[in-house]
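Starting off, we have a lone chain in the form predicted alone, written out as C-alpha coordinates.
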Amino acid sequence: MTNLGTYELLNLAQRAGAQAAEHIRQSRYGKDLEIQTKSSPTDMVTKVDKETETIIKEILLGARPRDGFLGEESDEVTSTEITWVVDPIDGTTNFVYGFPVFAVSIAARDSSGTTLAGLVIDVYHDDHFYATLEGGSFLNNRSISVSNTISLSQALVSTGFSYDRATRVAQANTLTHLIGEVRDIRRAGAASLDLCYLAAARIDGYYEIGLWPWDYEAGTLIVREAGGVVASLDSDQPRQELTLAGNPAIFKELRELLLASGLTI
(Lines give C-alpha, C1' and ligand atoms only; values in the text may rest on other atoms or scores of the structure.)
Protein backbone atom coordinates (compact mmCIF):
# COMPACT_ATOMS: atom_id res chain seq x y z
CA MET A 1 0.00 0.00 0.00
CA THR A 2 1.24 3.51 -0.82
CA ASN A 3 1.91 6.15 1.83
CA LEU A 4 -1.21 7.93 0.62
CA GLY A 5 -3.26 4.80 1.19
CA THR A 6 -1.79 4.38 4.67
CA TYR A 7 -2.66 7.96 5.60
CA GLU A 8 -6.19 7.39 4.31
CA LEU A 9 -6.49 4.46 6.73
CA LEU A 10 -5.27 6.66 9.57
CA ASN A 11 -7.68 9.44 8.65
CA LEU A 12 -10.58 7.00 8.68
CA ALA A 13 -9.46 5.64 12.04
CA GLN A 14 -9.27 9.18 13.39
CA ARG A 15 -12.81 9.91 12.24
CA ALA A 16 -14.15 6.75 13.84
CA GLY A 17 -12.07 7.24 16.97
CA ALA A 18 -13.21 10.83 17.50
CA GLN A 19 -16.88 9.85 17.31
CA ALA A 20 -16.28 6.89 19.60
CA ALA A 21 -14.48 9.01 22.19
CA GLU A 22 -17.27 11.59 22.17
CA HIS A 23 -19.86 8.85 22.68
CA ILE A 24 -17.91 7.52 25.65
CA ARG A 25 -17.67 10.99 27.21
CA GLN A 26 -21.38 11.65 26.73
CA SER A 27 -22.30 8.22 28.15
CA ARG A 28 -20.14 8.28 31.25
CA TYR A 29 -22.27 10.45 33.52
CA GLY A 30 -25.88 10.19 34.63
CA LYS A 31 -26.67 6.95 32.80
CA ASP A 32 -27.03 3.29 33.68
CA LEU A 33 -23.94 1.55 32.31
CA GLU A 34 -25.63 -1.90 32.40
CA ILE A 35 -22.53 -3.65 33.70
CA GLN A 36 -22.04 -7.34 32.94
CA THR A 37 -19.08 -9.68 33.42
CA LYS A 38 -17.14 -11.83 30.94
CA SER A 39 -14.17 -14.08 31.74
CA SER A 40 -14.38 -13.59 35.53
CA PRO A 41 -16.43 -11.64 38.10
CA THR A 42 -13.88 -8.81 37.87
CA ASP A 43 -13.82 -8.65 34.04
CA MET A 44 -16.51 -6.10 33.27
CA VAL A 45 -18.21 -4.96 30.08
CA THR A 46 -20.79 -2.19 29.78
CA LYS A 47 -23.40 -1.28 27.22
CA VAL A 48 -21.13 1.65 26.33
CA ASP A 49 -18.35 -0.75 25.27
CA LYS A 50 -20.78 -2.46 22.91
CA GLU A 51 -22.33 0.76 21.60
CA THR A 52 -18.91 2.27 21.00
CA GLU A 53 -17.67 -0.76 19.06
CA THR A 54 -20.80 -0.60 16.90
CA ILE A 55 -20.14 3.07 16.12
CA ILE A 56 -16.54 2.32 15.11
CA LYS A 57 -17.48 -0.74 13.07
CA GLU A 58 -20.22 1.08 11.15
CA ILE A 59 -17.90 3.97 10.23
CA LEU A 60 -14.97 1.77 9.19
CA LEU A 61 -16.89 -0.85 7.24
CA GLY A 62 -19.31 1.72 5.90
CA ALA A 63 -16.36 3.43 4.23
CA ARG A 64 -14.54 0.17 3.35
CA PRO A 65 -17.10 -2.65 3.15
CA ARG A 66 -14.59 -5.27 1.95
CA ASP A 67 -12.42 -4.89 5.06
CA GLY A 68 -12.32 -7.24 8.03
CA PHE A 69 -12.99 -6.36 11.65
CA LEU A 70 -11.56 -7.85 14.86
CA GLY A 71 -13.08 -6.22 17.92
CA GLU A 72 -13.22 -7.13 21.58
CA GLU A 73 -17.00 -7.05 21.83
CA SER A 74 -18.29 -8.50 18.55
CA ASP A 75 -17.86 -11.42 16.16
CA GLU A 76 -14.88 -11.25 13.80
CA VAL A 77 -15.41 -10.24 10.18
CA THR A 78 -12.71 -11.83 8.02
CA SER A 79 -11.08 -10.30 4.96
CA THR A 80 -8.20 -10.91 2.58
CA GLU A 81 -7.42 -7.18 2.57
CA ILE A 82 -7.31 -4.78 5.52
CA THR A 83 -8.48 -5.91 8.96
CA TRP A 84 -9.37 -3.35 11.62
CA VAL A 85 -8.35 -4.35 15.14
CA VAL A 86 -10.40 -2.45 17.71
CA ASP A 87 -10.78 -2.06 21.46
CA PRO A 88 -13.72 0.31 22.00
CA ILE A 89 -12.86 0.99 25.63
CA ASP A 90 -9.47 -0.21 26.79
CA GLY A 91 -9.64 0.16 30.56
CA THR A 92 -13.31 -0.62 31.16
CA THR A 93 -12.77 -1.01 34.91
CA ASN A 94 -11.27 2.50 35.02
CA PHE A 95 -14.19 3.78 32.95
CA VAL A 96 -16.74 2.27 35.33
CA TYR A 97 -15.01 3.72 38.39
CA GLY A 98 -14.31 7.09 36.83
CA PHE A 99 -10.55 6.55 37.08
CA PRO A 100 -9.24 8.78 34.28
CA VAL A 101 -7.25 6.21 32.24
CA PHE A 102 -9.27 4.61 29.43
CA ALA A 103 -8.90 4.69 25.68
CA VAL A 104 -10.19 3.91 22.23
CA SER A 105 -7.71 1.81 20.24
CA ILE A 106 -7.93 1.28 16.46
CA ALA A 107 -5.36 -0.36 14.19
CA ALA A 108 -5.37 -1.33 10.51
CA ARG A 109 -3.31 -4.35 9.45
CA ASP A 110 -2.87 -5.89 6.03
CA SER A 111 -3.23 -9.50 4.91
CA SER A 112 0.40 -10.24 5.79
CA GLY A 113 -0.17 -9.16 9.40
CA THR A 114 1.70 -5.85 9.06
CA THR A 115 0.14 -2.99 10.99
CA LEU A 116 -0.14 0.02 8.69
CA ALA A 117 -1.82 2.58 10.93
CA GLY A 118 -2.61 2.88 14.61
CA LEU A 119 -4.60 5.29 16.76
CA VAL A 120 -5.10 5.41 20.52
CA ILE A 121 -7.25 8.15 22.04
CA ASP A 122 -6.93 8.91 25.74
CA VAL A 123 -10.62 9.73 26.15
CA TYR A 124 -10.49 11.60 29.45
CA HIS A 125 -7.62 13.91 28.43
CA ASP A 126 -8.47 13.99 24.70
CA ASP A 127 -4.90 13.04 23.82
CA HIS A 128 -4.57 11.44 20.38
CA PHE A 129 -1.57 9.12 19.86
CA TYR A 130 -1.11 7.82 16.33
CA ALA A 131 1.37 6.40 13.84
CA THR A 132 1.68 5.08 10.31
CA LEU A 133 4.18 2.51 9.11
CA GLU A 134 7.49 4.30 8.42
CA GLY A 135 5.74 7.61 9.10
CA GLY A 136 6.68 8.27 12.73
CA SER A 137 4.61 8.60 15.89
CA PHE A 138 2.68 11.61 17.07
CA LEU A 139 0.75 12.98 20.02
CA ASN A 140 -1.71 15.71 19.07
CA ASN A 141 0.28 16.57 15.91
CA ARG A 142 3.59 16.66 17.80
CA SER A 143 6.27 14.09 16.97
CA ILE A 144 7.14 11.81 19.89
CA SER A 145 9.97 9.41 20.69
CA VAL A 146 10.87 7.02 23.47
CA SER A 147 13.01 8.05 26.43
CA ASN A 148 16.80 8.05 26.49
CA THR A 149 17.07 6.35 29.90
CA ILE A 150 20.07 4.02 29.68
CA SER A 151 19.95 2.10 32.98
CA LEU A 152 17.18 -0.18 34.17
CA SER A 153 17.84 0.97 37.72
CA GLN A 154 16.68 4.43 36.62
CA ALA A 155 13.74 3.18 34.57
CA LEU A 156 10.06 3.73 35.30
CA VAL A 157 8.32 0.49 34.33
CA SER A 158 4.61 -0.11 33.88
CA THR A 159 2.70 -3.38 34.07
CA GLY A 160 -0.80 -4.78 34.41
CA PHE A 161 -2.58 -7.66 36.07
CA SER A 162 -4.89 -10.44 34.92
CA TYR A 163 -8.57 -10.74 35.79
CA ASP A 164 -7.81 -14.31 36.90
CA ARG A 165 -6.99 -14.51 40.62
CA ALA A 166 -4.28 -17.20 40.39
CA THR A 167 -2.55 -15.39 37.54
CA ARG A 168 -2.58 -12.12 39.49
CA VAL A 169 -0.85 -13.82 42.40
CA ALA A 170 1.88 -15.16 40.08
CA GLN A 171 2.26 -11.71 38.53
CA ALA A 172 2.68 -10.20 41.99
CA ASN A 173 5.48 -12.66 42.71
CA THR A 174 7.26 -11.59 39.51
CA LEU A 175 6.83 -7.96 40.54
CA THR A 176 8.64 -8.52 43.83
CA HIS A 177 11.77 -9.47 41.84
CA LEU A 178 11.56 -6.32 39.73
CA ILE A 179 10.61 -3.56 42.09
CA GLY A 180 13.99 -3.32 43.80
CA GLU A 181 15.83 -3.24 40.45
CA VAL A 182 14.02 -0.32 38.79
CA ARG A 183 13.23 3.28 39.64
CA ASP A 184 9.56 2.48 40.29
CA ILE A 185 6.52 0.60 39.02
CA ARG A 186 3.27 1.98 37.62
CA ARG A 187 -0.07 0.26 36.94
CA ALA A 188 -2.48 2.43 34.94
CA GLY A 189 -4.98 -0.20 33.80
CA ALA A 190 -5.09 0.33 30.04
CA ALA A 191 -2.49 -1.51 27.97
CA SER A 192 -2.88 0.64 24.87
CA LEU A 193 -2.12 3.75 26.90
CA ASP A 194 0.82 2.08 28.66
CA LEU A 195 2.35 1.53 25.23
CA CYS A 196 1.62 5.11 24.18
CA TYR A 197 3.11 6.44 27.42
CA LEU A 198 6.24 4.50 26.53
CA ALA A 199 6.26 6.01 23.03
CA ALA A 200 5.94 9.50 24.53
CA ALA A 201 8.74 8.91 27.11
CA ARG A 202 6.33 9.02 30.05
CA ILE A 203 7.64 5.59 31.09
CA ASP A 204 10.72 3.64 30.05
CA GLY A 205 9.52 0.04 29.96
CA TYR A 206 6.37 -2.07 30.05
CA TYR A 207 5.36 -5.71 30.32
CA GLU A 208 2.07 -7.54 30.73
CA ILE A 209 0.71 -11.08 30.47
CA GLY A 210 -2.61 -11.95 28.85
CA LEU A 211 -3.14 -9.18 26.31
CA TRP A 212 -5.14 -9.63 23.11
CA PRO A 213 -4.38 -8.07 19.72
CA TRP A 214 -6.91 -5.29 20.26
CA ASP A 215 -5.00 -4.34 23.42
CA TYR A 216 -1.58 -3.98 21.80
CA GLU A 217 -1.92 -3.72 18.00
CA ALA A 218 -2.17 0.06 17.66
CA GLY A 219 0.15 0.75 20.59
CA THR A 220 2.84 -1.55 19.22
CA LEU A 221 3.07 0.42 15.99
CA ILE A 222 3.12 3.70 17.91
CA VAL A 223 6.00 2.48 20.10
CA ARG A 224 8.03 1.14 17.18
CA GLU A 225 7.58 4.29 15.13
CA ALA A 226 8.72 6.26 18.19
CA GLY A 227 11.97 4.26 18.25
CA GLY A 228 11.03 1.66 20.84
CA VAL A 229 11.01 -2.14 20.91
CA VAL A 230 7.97 -4.38 21.39
CA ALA A 231 8.38 -8.15 21.57
CA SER A 232 8.06 -11.08 23.97
CA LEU A 233 10.50 -13.16 25.97
CA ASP A 234 11.28 -15.49 23.10
CA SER A 235 9.94 -13.68 20.04
CA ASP A 236 10.31 -10.37 18.23
CA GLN A 237 6.52 -9.97 18.27
CA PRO A 238 4.15 -9.30 21.19
CA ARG A 239 2.12 -12.31 22.23
CA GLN A 240 -0.88 -13.01 24.39
CA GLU A 241 1.46 -14.85 26.76
CA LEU A 242 3.58 -11.72 27.21
CA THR A 243 3.92 -8.28 25.70
CA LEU A 244 7.27 -6.68 26.54
CA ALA A 245 8.34 -3.19 25.49
CA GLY A 246 10.99 -0.62 26.23
CA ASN A 247 13.36 1.92 24.83
CA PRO A 248 16.28 0.19 23.05
CA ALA A 249 18.74 0.92 25.85
CA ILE A 250 16.87 -0.87 28.63
CA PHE A 251 14.84 -3.45 26.71
CA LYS A 252 17.39 -6.28 26.83
CA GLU A 253 18.08 -5.73 30.53
CA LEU A 254 14.36 -5.73 31.31
CA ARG A 255 13.88 -8.95 29.37
CA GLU A 256 16.79 -10.59 31.24
CA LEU A 257 15.41 -9.44 34.60
CA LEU A 258 12.02 -10.95 33.81
CA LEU A 259 13.66 -14.23 32.83
CA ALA A 260 15.70 -14.20 36.04
CA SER A 261 12.52 -13.65 38.05
CA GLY A 262 11.28 -17.04 36.87
CA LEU A 263 8.63 -15.66 34.54
CA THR A 264 7.76 -18.23 31.90
CA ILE A 265 5.35 -18.17 28.98
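We number the residues from 1 along the sequence you see. These numbers were taken from a predicted model, which means no experiment stands behind them.
This protein has a second form, the form predicted together with D-MYO-inositol-1-phosphate (IPD), left out of what is shown; the following refers to that one.
- Residue contact check for residue 117: none of its heavy atoms lie within 4.5 Å of D-MYO-inositol-1-phosphate (IPD) in the predicted complex.
- In the predicted complex, residue 122 stays away from D-MYO-inositol-1-phosphate (IPD), with no heavy atom inside 4.5 Å.
- Within 4.5 Å of some heavy atom of D-MYO-inositol-1-phosphate (IPD) in the predicted complex lies at least one heavy atom of residue 211.
- D-MYO-inositol-1-phosphate (IPD) in the predicted complex comes within 4.5 Å of a heavy atom belonging to residue 215.
- The stretch in contact with D-MYO-inositol-1-phosphate (IPD) in the predicted complex, judged by heavy atoms within 4.5 Å, is 186-194, chosen from 135-143, 105-113, 186-194, 74-82.
- For the stretch 232-255, the set of residues having any non-hydrogen atom within 4.5 angstroms of D-MYO-inositol-1-phosphate (IPD) in the predicted complex is empty.
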